[in-house]
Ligand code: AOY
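First, one chain by itself in structure tokens, the form predicted on its own.
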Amino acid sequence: MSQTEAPNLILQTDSYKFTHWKQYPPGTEHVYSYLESRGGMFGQTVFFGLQYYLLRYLRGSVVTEDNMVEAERFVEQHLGPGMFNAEGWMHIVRQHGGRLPVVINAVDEGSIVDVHNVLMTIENTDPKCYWLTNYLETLLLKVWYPITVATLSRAIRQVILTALERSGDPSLIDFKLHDFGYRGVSSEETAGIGGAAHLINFKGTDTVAGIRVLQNYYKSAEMEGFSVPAAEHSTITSWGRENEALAYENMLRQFPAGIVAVVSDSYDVYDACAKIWGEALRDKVLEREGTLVVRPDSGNPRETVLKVLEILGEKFGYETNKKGYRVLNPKVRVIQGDAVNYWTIQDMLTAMNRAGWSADNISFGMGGALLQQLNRDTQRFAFKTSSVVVNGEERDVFKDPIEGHEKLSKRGRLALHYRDGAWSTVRASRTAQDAEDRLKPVFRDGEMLVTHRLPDVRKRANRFSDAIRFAAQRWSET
């Protein structure tokens, strides 16, 4: 396959699934499966990203006879003769025009759902394609990634928002966590999906791929993420240590207005703040029409941030706001972009709070910890079958390991309810329609039935939630 050819959907599955068409009970007609978070780091998840996978991989005619021939050759070499379901895939090609005969129901994207609840279901619509439901698990379960990034990003939003409400201006929240993760992820697609998930909660990013995913897959005609001119170590150190002040001065000259961020720890961040920014260039900083954002990029984040704030406060001055916290001269701010994660952000904000500094003074840049240092087990995602139809008879399906009851799976067909601020998963009838069910058909037989717009997704994701926010408040209560 050349780099310009579309991927072969038939081969986008785990190897053992090539043989599963032989393993279901004789007479199997329907297989019904669901997705859930079985717990994990947070008590709720932000559902996001399914639309990308449906539009990118499943919509329309996605299987051809050439795909089938290629896949059959591959599987025979990989597993042996007779393992590939040639008849089943040819049925999809000839009877369905290469469109996948499945129906997928899901909660609205951006919804914040308690863990241990169904988020999505899938079932084959053609009885001859009972094997297809779980064949697609490998691709569809990858939605764990954007869900987990969106969940983590939102939890951090609540941490920072709590600090802003206590010590400063909550309206600043949208730009308090900046995505630095582009270079730290495993692939270009990962950057796009994860970067887009972060932008559900914030508007600051350097991960261009995330903006492009939102524009291409979430009906966005707007610019959905923003950045500012910023220095990196190479643009500072190329001047030489003896010319560090000239490098900083050049940043002020090249960007005379607006926000400009300058990494200032190539040598001695405290000396840079006190003697260069705070003395040699102080007048230029104050005369500039905008804000200088000083970026420490090494050391212990908690200690470094506090010391930098104290130096900048001494050199540029500060005011005490109505809440009793110190806010730097508006010409200077700080962004911490090293060793930043969910826990160190709380650590820094706690230290600032105790030292009397407002959260207004700082923003955070988060890279690998935002987009890469998580996995499917962060929120314990699982995709399981809960119902089958065999010879016209519906059967509950479940697992309940004797060593691992926490992996007990759900039984039967499922509906998702939301009442009095709480989510619950209940059994649903195969024929009766549940008016309260929050799972809505989004995909059927190759066609998208619902496409979510980004403003609606953001609106749902930014609704206040005590269940996530309680973790954010723990640090301020100690």
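These numbers come from a predicted model, not from an experiment. Heads up: residue numbers just count along the shown sequence, starting at 1.
The same protein also exists as the form predicted in complex with the named molecule; that form is not shown, yet it is the one meant from here on.
**Student:** Counting only non-hydrogen atoms, choose the one of 306-314, 173-181, 72-80, 242-250 that falls within 4.5 Å of the named molecule in the predicted complex.
**Tutor:** Comparing against the named molecule in the predicted complex, the contact stretch is 173-181.
**Student:** At 4.5 angstroms, heavy atoms only, are 10, 61 and 100 all close to the named molecule in the predicted complex?
**Tutor:** Contact check failed for every one of 10, 61 and 100.
**Student:** Let me know the one among 295, 326, 384, 142 whose heavy atoms come within 4.5 Å of the named molecule in the predicted complex, would you?
**Tutor:** Comparing distances to the named molecule in the predicted complex, the residue within 4.5 Å is 295.
**Student:** Which one of 150, 213, 261, 349 is close to the named molecule in the predicted complex, taking close to mean a heavy atom within 4.5 Å?
**Tutor:** Selected residue: 261.
**Student:** Taking heavy atoms and a 4.5 Å cut-off, does residue 227 contact the named molecule in the predicted complex?
**Tutor:** Yes, contact at 4.5 Å.
**Student:** Does residue 206 reach the named molecule in the predicted complex, with heavy atoms at most 4.5 Å apart?
**Tutor:** Yes, contact at 4.5 Å.
**Student:** Is there a heavy atom of residue 335 lying 4.5 Å or less from a heavy atom of the named molecule in the predicted complex?
**Tutor:** Flag for residue 335 set to yes.
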